[in-house]
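Here we start with a single chain on its own, the form predicted on its own, put down as structure tokens.
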């Protein structure tokens, strides 16, 4: 049973959110539903999602359900039956964890696959319908300063005075750079390809209704269904030397991708053969070490702006969604703004840092070969079907409401 949001404020704040992505939109909705007034400043002309599929685990879906998005998620998303790890050449199942009804029964909320664009659309629709939210497009923040009375900012044609400012503007966050300096993100030695494959191009039943991860030497291949099951979203990660552009929109070369996965299982070959060539893109995978501090006084960060996370635990968006409701809970507690923002940071830093480290560790574990891969596979099989309990049982709806949290 999803618990109700208990945090409503007796002292509405005027809050600026920089960035109209998943984290910024979710934060605005949580804050507005708690009674605060929110302006979202998005630098682009529309809140458009780049990328393809995204996985929303129960720790995050419970927040989206509480925001009233369950119907939209059920319509546009897909409920996988299981997560499977498979061997790159033979297709042998290394480990499997039940999802579907089992996830709802165990964690109280479902596990979704959804196209990132569909999720952004439903968040934008909800934000547009919310009277406490103003969405300012073509309004990138170009400067801000703060004092004891609030934060003054300039965003496009807008000049505003707000009680606090939240930077949800991604790994290249302008807000983070203003607070802590413009430090380069770290290239992880991995390049990811993404593509979509129409299901109707594949033999019936070829793609199981699962999140499937194929482990191989120096690379791995992930696929799962999106768009209500009409498309297979594929993410193909390969170790590469040297810097790669960090972009969602660099066109990829199908011959290069096929060469990277030559000799892999026939299911992988069929996906590569039937991919929509116009959906093929690649990007370098970057992250940052966990930050010691996120915010200063009335300005703080959220999502990839403070904890950019590799995709090897499928938790990047989930962490931003968790941030959103915990931030709202802390700001609605009646505490001083500066103290509330510090409390939010204290509650979130440990968990997000753990996910960052775990995701980077998986980048190595997934790509082992030889004896090390054999040992890894045996360990994965012994880990049991409930190895994700600590991650998925976390209930951000109640974190920050009082001194007792479920970290």
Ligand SMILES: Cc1cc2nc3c(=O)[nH]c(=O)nc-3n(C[C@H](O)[C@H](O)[C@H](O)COP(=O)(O)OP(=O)(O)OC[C@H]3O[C@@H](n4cnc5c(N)ncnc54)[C@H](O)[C@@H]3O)c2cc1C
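Numbering follows the first chain given and starts at 1. Keep in mind that what you see is a predicted model, and the values were worked out from it rather than measured.
The form predicted together with the named molecule exists for this protein as well; it is not shown, and the discussion that follows is about that form.
At the 4.5 Å threshold, heavy atoms of residue 332 stay clear of the named molecule in the predicted complex, well away from it. Taking the partner from elsewhere, residue 16 is found to have every heavy atom lying beyond 4.5 Å of the named molecule in the predicted complex.
For the chain shown alone, residue 290 is not a contact residue for the named molecule in the predicted complex, no non-hydrogen atom being within 4.5 angstroms.
At the 4.5 Å threshold, heavy atoms of residue 170 reach the named molecule in the predicted complex. Every residue of the trio 21, 235 and 320 has some heavy atom no more than 4.5 Å from the named molecule in the predicted complex. Residue-level contacts in the predicted complex: of 115, 194, 298, 86, one residue has a heavy atom within 4.5 Å of the named molecule, and it is 194. Residue-level contacts in the predicted complex: of 342, 356, 66, 55, one residue has a heavy atom within 4.5 Å of the named molecule, and it is 55.
None of 310-318, 268-276, 180-188, 209-217 except one has non-hydrogen atoms within 4.5 angstroms of the named molecule in the predicted complex; the exception is 310-318. Contacts of stretch 174-189 with the named molecule in the predicted complex, defined by any heavy atom lying within 4.5 Å, are made by 174 alone.
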